[in-house]
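First structure 1, then structure 2: two forms of the same chain, each alone, as structure tokens.
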Structure 1
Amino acid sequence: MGAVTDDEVIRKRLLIDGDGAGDDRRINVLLKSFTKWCNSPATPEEGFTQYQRMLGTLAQCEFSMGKTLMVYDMNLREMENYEKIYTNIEQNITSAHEKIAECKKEIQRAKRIRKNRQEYDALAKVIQQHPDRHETLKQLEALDKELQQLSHIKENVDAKLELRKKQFHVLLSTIQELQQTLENDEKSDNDDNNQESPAENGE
């Protein structure tokens, strides 16, 4: 419940419902009963009955207070849990950005490798024009192996980049679902509190 809603509830209890509602009403009734019990010239049996009723009312107030404290503690733990989740999400986002930046660097390296490969191809054509065919064949074999290695590196880089894109998409989807869950929880809490206030006024 937000601060504005709390102020509205307090103002409503103080200005509209003079006898209070819920626990406030029980306490007012208990005080009135205690004053009446002290000033009443009732018989011991009647006084004992009134005393038992006051104990019962007091027990209800204590139970309600304990329940409220438990709910409050639970809400605090939930807030701490949400803070941890939020921090974890921020760390995951930062990590994802770092991985994406690294993938971009790998793409740039792959582009440079491809450019070098094209230059090697051009050089190979020049070498083929020389009369030493045996040496040229050796050089061509070496270049072919290097081209295969470069192609393998490029395939690995492309696969890794695709994986990072999928992971980042899953992370963004998870963040959106968590934000929607938090909004639904907050809306549900507000609806529950708004429903409880009319019920208490009805008492």
Structure 2
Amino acid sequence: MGAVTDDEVIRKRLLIDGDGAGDDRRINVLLKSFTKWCNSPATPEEGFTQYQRMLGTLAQCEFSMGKTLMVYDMNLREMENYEKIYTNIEQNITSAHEKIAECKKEIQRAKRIRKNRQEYDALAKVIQQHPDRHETLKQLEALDKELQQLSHIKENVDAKLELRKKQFHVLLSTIQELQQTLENDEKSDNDDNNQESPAENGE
């Protein structure tokens, strides 16, 4: 746009209004007819008609000028309107950008959460394969009790065994002592007999 030369401008103006077929021509014609009317020695009716005609042309010129002014106003207002829309759209764009950034962050967070959930699920699958903790605890308790009972029984049996052992020991030792005493008595009896007989022989 900045490269438009003077030639272009002149050419455009000539194209639009070259031969004066428009407002420019009307003003020129008005000026000519005004000077003619001022300088014409014509009759008052002709002068009056000419005057009316000039007024008409003047009114036309004013009308067209009014129209162009209105169009100019309208353009200015359109420009304002467009500026407003433009800033509005720019704001929308920036807010959309921000929303996009937010959503991207959300997506990252959601992906992380999803990854964590999948990890939990995977671990849960493995954990499910192992038996329940309560079950195992109960089994352990039952086994403990059994173990206690059995050790109790074992103690009892041991104690009984000890007792019997001791009793047998007592019995056997008493028997042995008795045997010993009987042997001793026998021996002493024999000795007595032996002593008596040599004593009898010696007499």
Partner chain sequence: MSVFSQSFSPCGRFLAAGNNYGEIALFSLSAALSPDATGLSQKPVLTFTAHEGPVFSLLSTDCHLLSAGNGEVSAWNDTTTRFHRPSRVDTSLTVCLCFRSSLEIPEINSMTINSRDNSLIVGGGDNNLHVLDLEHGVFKAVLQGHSDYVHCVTMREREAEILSGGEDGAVRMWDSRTAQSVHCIDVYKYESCARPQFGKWISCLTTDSDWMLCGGGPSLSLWHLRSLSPTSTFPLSGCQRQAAFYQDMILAVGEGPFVSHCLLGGDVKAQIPCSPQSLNTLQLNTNSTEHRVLTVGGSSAHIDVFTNLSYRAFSLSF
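For the two forms, the rigid core is made up of the largest set of C-alpha atoms that agree within 1.5 Å on superposition. The shown structure was predicted, so the numbers you read here are calculated from the model rather than taken from an experiment. All residue numbers here refer to structure 1's sequence, counted from 1.
It is structure 2 that shows the chain in the form predicted in complex with the partner chain. The Cα shift for residue 120 between structure 1 and structure 2, taken after rigid core superposition, is 2 angstroms or larger. After superposition on the rigid core, the Cα of residue 109 moves by 2 Å or more between structure 1 and structure 2. On core superposition, residue 161 has its C-alpha offset by 83.2 angstrom between structure 1 and structure 2.
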